[in-house]
Structure formats: structure tokens, C-alpha cells
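Before any questions on binding or motion, here is one chain by itself as C-alpha cells, the form predicted alone.
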């Protein structure tokens, strides 16, 4: 990885971008920045990794964010992300101002797979996990797919994109756990009915891991394919450090520990061993013994941190 502009992996670039705007949206922040070359390469489901803390910072690890929108331009494209303050890195980001320089690597990760035929699709977002669903909706509609959105959060202020969704989808359902907007409860309370009424063949989801596990199970029960963009902590974002691995069963039936940043972040929901995330399940290819599983589980419990 180099300073300035350079290729990173699979067509990704490292560029010096510039903050265009930083605005509050409910409980979140919406950051728009220039990122020449990144916007032109972006596909729905990709993410960017941002350097935080400034050039003299001791925070060496980048922070990874799903791309909300990307706008190509002959003067240098822009990339937009949505984030919440979770720690020192994102706290530094809340103080960014227009014209500030920001180091961007992207687009990274494997994007959502698109159906070959025009089918009905349900897009499920939890909190600001809804952000990548809007560019996905555009691509699906361009293929003739009907798009239905299901947005969930703990409360109204933690919903993202509810108004925009009404313009992006044929139908929109909203759930909040406190009942402050839409149906009181969780997205999985209404997802079965939504799949059945829309005849959705594919369910796309992004949000907290427990939500993804539940959405995947509902989709499977109702005969729909699911694609889930996982939220695993990523230290390097380019497949080197192995901090974001999770167990996934391959086409050959073999369980492997795969990297969320390179092989993901989008996975088939029915292929992820959700109950075993954070461990190395018995039978995993290359796993030495059960002791290794327990050792890894202990390490994650003590070392995992929010961005």
C-alpha cells in the first residue's frame, strides 16, 4: 500500500480525497468526500477503508464503511458513507470539515450478486445498514426487477433512508423495536408476509449479525435466496490480517474460514455458519483441533472492538 494514489487490490485504489460535506441524519452522520477513481469502480456492496486520526495519529488501522452512494465525475468522483460514532476513530471523523483531506482505499470487497432474470427482490436494512441498499435498488430496477424495502431499527431516530426508500422501491415496510414508527418489533416479524405477498425470489440484507442470521433463516424457510453483507471487524480491509474471518460452507460442502473483506462482505446467507461465527467449527478445513477453536473464541472475546 502506498501513499498518494495507487492500486491496492482487484482494481481498488488508494487516493487522497477531500471532504465535501458532513451532515447529521438522525442518530448518524452522512459523509460525502471526493475519491477520484473509486466512484467509477464502485458496485453495490463494496466498501471503503478510511485512514483516521490524521497523519500523526497512532491509530494505524483503517475503518471500513459500506458505500452509500457513488457519483462519477470528470472532475473527480464522490463517495458517500453513513456512520455512527463508536470509538476514537469515528469520533475523529465527526470533527471533519469541508476541504479536509482524507485517505481512502476502495472500492473493496465482493459486491452483491445480481439476478440474471427480472425477479422480485426484498432489500432489508438494519439501522445504517440500509445505506448500501439504495445503489443496489438502482441496479436491480435497471434489470427489470421489482424492489421492495424493509427498514428496521431500535427507534425512529436510528432508521436510515425511510423517505428515500419511498422513491426507490415499489413498497416499503418499516419496523422499530420501540414502536416509534411503523410496526413495533423487528424486521423478521414482517419479512415472512412480505416475501409471500411480493413473491420475492431474493432477499438482500445488511445490518447487525443477529439480524442477518434471522433474515437468512426466514428467507430459507420461504424459498428465497439470501445475500447478506456481514458486519465483521476489519483491521486491514485487504485480506492480510485475517481478523475478519468467519466460517462459510462452500459449494463442495467443506467449511472454510474465509475473509469478510476479500471473499465478502457479501455471502449467501445459507452458507454462513451463523451460530459458529467467532469460533472455528469442528470439521473446518485446516483446523488442527478443538483446542484451536476455543483459543480463537477466547481471543476474539478479549480483543474485539468497535470501529
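Residue numbers count along the first chain shown, from 1. This is a predicted model, so every value here is computed, not measured.
FYI, the form predicted in complex with a small molecule isn't displayed, but the following is about it.
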Please pick out the stretch from 232-240, 70-78, 114-122, 136-144 that is in contact with the small molecule in the predicted bound form, where contact means heavy atoms within 4.5 Å. 232-240
Name the residue from 213, 188, 90, 171 that puts a heavy atom within 4.5 Å of the small molecule in the predicted bound form. 90
Heavy atom within 4.5 Å of the small molecule in the predicted bound form - residue from 82, 203, 165, 104: 82
Proximity of residue 64 to the small molecule in the predicted bound form, heavy atoms at 4.5 Å: yes
Check whether residue 267 has any heavy atom within 4.5 Å of a heavy atom of the small molecule in the predicted bound form, and answer yes or no. no
Although the small molecule is absent from this view, report whether residue 197 comes within 4.5 Å of it in the predicted bound form, heavy atoms only. no
Does the 4.5 Å heavy atom contact test between residue 86 and the small molecule in the predicted bound form come out positive? yes
